[in-house]
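One chain follows as structure tokens, the form predicted on its own.
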Amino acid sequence: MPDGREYRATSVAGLPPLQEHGPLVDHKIPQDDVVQAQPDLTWSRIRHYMREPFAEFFGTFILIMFGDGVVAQVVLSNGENGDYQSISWGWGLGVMLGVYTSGISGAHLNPAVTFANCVFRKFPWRKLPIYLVAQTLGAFVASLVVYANYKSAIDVFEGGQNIRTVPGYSETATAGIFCTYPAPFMTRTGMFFSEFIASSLLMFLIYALKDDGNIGAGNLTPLGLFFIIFGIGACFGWETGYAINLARDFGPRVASYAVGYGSEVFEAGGYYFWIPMVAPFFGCTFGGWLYDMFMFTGESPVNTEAAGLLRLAKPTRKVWSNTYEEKHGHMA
């Protein structure tokens, strides 16, 4: 250092900085050493190799089953079997139970959460594509199951077996059961900002729950996430339906197109469909940066020289690969 003092990597000599592990970040257990029943069976080997994508698939599947399921029940019963608060409860429960289902993989359930963890928590970049695919497929399949379950009720509500309509095109539209559509008064900027701020809150609060240097939620993290989702839905859900998740919105949107809702699922709201695909990545990244910049004192790119901006001038594997140290066995 310029004044002659020795540079310290942490506040306690010889100890590494805090690293977050567990649900919503990763799941650091020695899984290669887990004792399996009949490990030499073909399916046992496949399942062991694919356990993380399977976990993300089924975690997101559970999320959509409860989330789309509660919307279907409220809409198709004309509010007689639930109301808007019921929807907030249903989505909160879906996320909580999805996290319990997919702890093996870190329980991201959201490509934007996976992306933020790659940026700020050294989650391996190579896992981002397979997580995104697994999450989106889980949402797609779950929405088809919800549709099959409520098909008869949809037929009655829409007025016929071959009638399927989208919000903005009909007063009895049911496409909103599966994916989100903006309120009629929303501008394009307002749509993006609504999804951005909800996603920023999501990631900021996830890191708050996971920060053991703060209060930290520990094993109650899934319950804490339930209240986060419930709160976002109750306070910020009206304008765009708080998708805050590419997989949650795009998977069911494609499913609704496939079962007969038509191209209007993409055209509605002035081609709104791309906003819940893009805005969550910006929002979650900003929310993660905000927490690390002002609250988190552990290991993060933000807690490096020039708040991590110098990394931008070093586009090398040594700097950007989140698995470099692990593979090469020395400090980057």
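Don't overthink the numbering: it's just position in the shown sequence, from 1. Source: prediction; values computed, not measured.
What comes next is about the form predicted together with another copy of the chain, which is not displayed.
Heavy atoms of Y150 reach within 4.5 Å of another copy of the chain in the predicted bound form, making it an interface residue. Interface membership of G269, defined by any non-hydrogen atom within 4.5 Å of another copy of the chain in the predicted bound form, is ruled out. Although the partner is absent from this view, F58 contacts another copy of the chain in the predicted bound form, with a non-hydrogen atom inside 4.5 angstroms. Taking the partner from the other structure, another copy of the chain in the predicted bound form has no heavy atom within 4.5 Å of any heavy atom of P182.
This chain is displayed without another copy of the chain, yet in the predicted bound form the stretch 73-81 from 126-134, 73-81, 167-175, 112-120 comes within 4.5 Å of it by heavy atoms.
For the options L246, V254, I232, V141, the residue carrying a heavy atom within 4.5 angstroms of another copy of the chain in the predicted bound form is I232. Shown without its partner, the chain has L97, V99, Y100, T101, S102, G103, I104 in segment 97-115 as residues with a non-hydrogen atom within 4.5 angstroms of another copy of the chain in the predicted bound form.
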